[in-house]
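Only one chain is given next, in structure tokens, and it is the form predicted on its own.
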């Protein structure tokens, strides 16, 4: 087994739990235990990581072509075969069962594996539970559609898997991983408290189109891996509300499961006029229109016509009629135009504004420009809120830490001449666990403020 020896003083971050070794932290690479001969690493192989004093730090997947030269997956000297993947996937699924309770995995779509935070670096697995959209639409005429309606009409829900291989080490073991995943879901009855296995997935869809693959020297890759997926998409239920999604054509893994709890909490503040900016398929907006007891009107704004078409479908599934309006526009320009209307005497104001933009900062090098973008949209939003209105503002940029995010909001409020009271500050859902020592795993910030 090859050994990666770090430079003096570089082990502190790793001992605190961070799983990455950067290429500029490496002193030398040795060819095996007790050897003093130098060696070359091969992409995807396994190596041991040591401090300069030969303290063992862990076993890692390596890629000499990446700035992250090693990703530690274990503190012990364990191998990586199908049995290893079965153990790790089983442990990850068990954590989700404990987090959500008895019916969690039967009814809700969840992230089963969250890469390094589940000790499987570079591997993402999402499981979606529901029914084919066209079948459900024709079988259930009542609106809004409920989970029980769907079960009564079509029987137990099916499941589909969206998987991402984001590191060279995981990509080179894809067949072992898929085989291990299928065996865990089909055979391990302990997963569900009543002893029922999760069962065979109707289809597995690869969604490995993230730009991080290019940094690993891998091509972007998407498509059906196993089984089938309905061409018209599927309907899942989130917080009891139906949503149509398409794993083949959708962004990331098809649906942003990390905001599940935040959408429900934000909807509790909905009243009057609501703006869901960067709405994508309407996750926040549909919750805001459905959950309040008093009538609410929601405007969903997004630059994607396809996403807005899905918003309209989701509004129909939820029986929302004319209470949801869609606007195809650049959100920056839309917010500025609303502000311009206000200065000309028109009342373009809202009682709740939700900002859930894509990751403006893909890296620390892009952070300063991203902060200007975040401040711009928050400043505009604050000016468009009625007195006592609510701002729900999010960032999913790993490079933007919570402290700088909070300071940006304070600066935007000062420039808008508004004072804010923090009502809540939230993070990603529990199926996206936070690994202590690995700050990148705490990536989603969601602040809720009263103006």
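Positions refer to the first chain, counted from 1. Predicted, not measured: the structure shown is a model, and the values here were computed from it.
The next section is about a form of this same protein that is not shown, the form predicted in complex with a small molecule.
Engineer: Does the small molecule come within 4.5 Å of any heavy atom of residue 263 in the model of the complex?
Structural biologist: Taking the distances in the model of the complex, the answer for residue 263 is yes, it comes within 4.5 Å of the small molecule.
Engineer: Please check if residue 203 has a heavy atom lying within 4.5 Å of any heavy atom of the small molecule in the model of the complex.
Structural biologist: No, no contact at 4.5 Å.
Engineer: Although the small molecule is absent from this view, report whether residue 296 comes within 4.5 Å of it in the model of the complex, heavy atoms only.
Structural biologist: Residue 296: no, not in contact with the small molecule in the model of the complex.
Engineer: Even though the partner isn't displayed, in the model of the complex is residue 280 close enough to the small molecule, meaning a heavy atom within 4.5 Å?
Structural biologist: Judged by the heavy-atom cut-off of 4.5 Å, residue 280 is in contact with the small molecule in the model of the complex.
Engineer: Just one of 212, 139, 224, 329 has a heavy atom within 4.5 Å of the small molecule in the model of the complex. Which one?
Structural biologist: Only one option qualifies, and that one is 329.
Engineer: Have a look at 358, 199, 373, 217 for me and say which one sits with a heavy atom within 4.5 Å of the small molecule in the model of the complex.
Structural biologist: Selected residue: 358.
Engineer: Counting only non-hydrogen atoms, which stretch in 76 to 84, 227 to 235, 155 to 163, 302 to 310 is within 4.5 Å of the small molecule in the model of the complex?
Structural biologist: Careful reading of the contacts points to 302 to 310.
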